[in-house]
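Let us start with two forms of the same protein chain, each given on its own as structure tokens and named structure 1 and structure 2.
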Structure 1
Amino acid sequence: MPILEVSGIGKRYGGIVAVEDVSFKVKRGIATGLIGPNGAGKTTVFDMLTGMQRADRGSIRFEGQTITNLASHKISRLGIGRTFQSVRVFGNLSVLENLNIAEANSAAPARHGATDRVHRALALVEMEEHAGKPAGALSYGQRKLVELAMVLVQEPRLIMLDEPVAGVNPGLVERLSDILRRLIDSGISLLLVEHNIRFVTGLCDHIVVLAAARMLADGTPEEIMRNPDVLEAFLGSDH
């Protein structure tokens, strides 16, 4: 059974169609990419999946349970974590304090102690040496790693990443790719929105393409890269 099933979801703002009849599945233990040109509806889809926007139609199921239009905190507690386009960390607090706050708001089971969860998350993103530094003093890419660690302390089974490598220097992109591969190897499923096609095709086993608020294609990276509709609508125009 897929970890996430999205069936015919749609969202309108007055007469503007933001998302129309989008359906796809996220398989367990792999990375799935959600790509498309600006304005295709990717972030709106993310917002509906995480309860930050209400879906006007369609259904969303996580591990077989319907989560359509649940409150975002309830969805998070079921095991879905999310990072954002704009990094959300407390810049005036240390890295460790940021993770402690995230852990305190977590519904992660008590089988692991809070301290263990925090230090394990820091180790996974390779930020242990920066634990005492103010998060605001770190580079943009490092703050993205802190945000990812704040998600990890909640022990999610699915992590949704909104443009994880946008604005990140090339060296850190490769490091982040390695970190995400280790998360996949540990059994965590990933769903990511990203414009860096090389990053997406290198990490993801399955890719979903949106264009003009609708589903355009889905398949393996090889299938997507050969799809003439995708090349015309997205890849060929900008990449």
Structure 2
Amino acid sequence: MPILEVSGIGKRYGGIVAVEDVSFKVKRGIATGLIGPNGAGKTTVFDMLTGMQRADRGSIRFEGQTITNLASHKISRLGIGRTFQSVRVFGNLSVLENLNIAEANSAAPARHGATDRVHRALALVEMEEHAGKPAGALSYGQRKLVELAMVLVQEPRLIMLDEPVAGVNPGLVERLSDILRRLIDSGISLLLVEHNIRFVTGLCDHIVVLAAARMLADGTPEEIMRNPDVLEAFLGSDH
């Protein structure tokens, strides 16, 4: 059974059709890529999956349970974590406090091992030495790592990442790739929006392509890269 099943979801903002009749499945234990040119509707799909925007139509099932238009904090507690395209951390609070908040509000906060959990997540993103700093004082890349650690500390079964390597330096791209590879190996399912195609094909076993609000293709990386419609959609844009 797939961990996530999306069927026929759609969203309009006034006159703008942001997402139209999109359906796909996310398999358990692998990374699935969601790609498409700017404005294709990728973030809007994420927002509907996490309850941040209402879906006008269609249905979403997580581990067999319908979660369509459920409140976002409830969706989070079912085991879905996400990061944001414009990285979001609590800038006035320290890195450690950011992680503590995430831990305390996870589906099953640890009664005693909370600090262990927090330190494991910090160690995974190699941010221990910055634990006491205000998150707002960190570089963009470091804030992305903190945001990922906040999600990890909640131990979700599905993690959705909206452009995890956009705007970060090549060294950090490598590191993020390693970290995500390790998450997949540990059995976590990933759904990944990213413009860096090499990064996507390196991690994902399955790719879904959106263009102008609609599904364009759905398949293995090889199938996607050979698909003439996909090539045209990307060449037709600034990619």
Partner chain sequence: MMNQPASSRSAAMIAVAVLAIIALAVPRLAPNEFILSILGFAMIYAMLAASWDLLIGFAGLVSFGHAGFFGLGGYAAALATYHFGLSPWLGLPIGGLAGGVFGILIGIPTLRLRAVYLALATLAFAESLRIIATNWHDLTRGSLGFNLHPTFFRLSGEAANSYYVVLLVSSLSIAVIYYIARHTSLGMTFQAVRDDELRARSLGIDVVRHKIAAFALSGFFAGVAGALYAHYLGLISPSELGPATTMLVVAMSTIGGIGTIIGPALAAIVLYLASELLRMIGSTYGQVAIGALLIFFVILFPEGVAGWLSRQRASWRNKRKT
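Superpose the two forms; the largest set of C-alphas matching within 1.5 Å is the rigid core. All values derive from a computational prediction rather than experimental measurement. Reference numbering: structure 1, starting with residue 1.
**Student:** Two copies of the same chain, shown separately. Which of them is the form predicted on its own?
**Tutor:** That would be structure 1, which is the form predicted on its own.
**Student:** Is there a C-alpha shift of 2 Å or more at Gly91 between structures 1 and 2 once the rigid core is superposed?
**Tutor:** True for Gly91: a C-alpha shift of 2 Å or more.
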